[in-house]
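There is one chain below, alone, in structure tokens, taken in the form predicted on its own.
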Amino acid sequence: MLFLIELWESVRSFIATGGDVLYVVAFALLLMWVLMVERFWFLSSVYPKMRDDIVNRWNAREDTTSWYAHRIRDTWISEATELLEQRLLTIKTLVAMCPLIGLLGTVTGMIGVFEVMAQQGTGNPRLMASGISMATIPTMAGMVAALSGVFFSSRLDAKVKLAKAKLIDSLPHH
């Protein structure tokens, strides 16, 4: 319990140093990870049953060579692909937004530095330093959030492409 209290205090201190923009970065990061975990769960738990159902329905068909059969095959592949690729664009958008949200924090932090300079002059470096740290911490947080998302969203994208290719290969095209 003490560990959690210390962790919470260090997070609050980090947010206080970096500014309120870090809440937006944290929200984008949380949403990105929830969506990625859901997609990995879908690929490992739900999709295999769906794929097996499609393959079984295709193999149960007597006609797999006519034009109509190929349209049915293409429709099933298209429906599966749509479900596989669901939310991937949202995840990629969140990955791209994280550094931009961090840059928003940089801009607001620098505005704070300029306000201090306008009121106090340039003679007090400590006041300017707090504004500069408030300007750089959100950028760093946005970059770290984006980096974590880039790697896992790339893996997710590769898994989706592989799953689609395997589905196409498992439905013989006569």
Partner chain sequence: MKKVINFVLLAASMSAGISATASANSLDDLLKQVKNDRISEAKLDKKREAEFLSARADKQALLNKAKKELADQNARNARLTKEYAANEITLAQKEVELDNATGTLGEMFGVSRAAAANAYGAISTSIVSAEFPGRGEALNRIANAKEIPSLPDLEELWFALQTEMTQSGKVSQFTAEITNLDGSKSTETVTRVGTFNLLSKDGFLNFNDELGQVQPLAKQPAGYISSTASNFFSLNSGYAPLYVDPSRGAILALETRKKTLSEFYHEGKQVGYGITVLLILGCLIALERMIVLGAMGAKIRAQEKNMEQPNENNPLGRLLKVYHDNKAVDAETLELKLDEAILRETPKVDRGINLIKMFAAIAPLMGLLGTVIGMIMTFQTITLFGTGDPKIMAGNISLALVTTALGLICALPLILIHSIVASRSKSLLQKLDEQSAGLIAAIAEKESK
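Positions refer to the first chain, counted from 1. What you are looking at is a predicted structure, and each value in this text was computed from that prediction instead of being measured.
Separately, the form predicted together with the partner chain exists; it is not shown, and the next lines address it.
For the options L147, A129, V107, V37, the one in contact with the partner chain in the model of the complex, meaning a heavy atom within 4.5 Å, is V107. By the 4.5 Å heavy atom rule, the three marked residues S133, I137 and L156 all fail to count as contacting the partner chain in the model of the complex. Using a 4.5 angstroms limit between non-hydrogen atoms, A60 is distant from the partner chain in the model of the complex. Residue contact with the partner chain in the model of the complex: Q120 places a heavy atom within 4.5 Å of it. The partner chain is not shown here, and in the model of the complex it never comes within 4.5 Å of any heavy atom of D52. Within this chain, W41 is remote from the site of the partner chain in the model of the complex, having no heavy atom within 4.5 Å.
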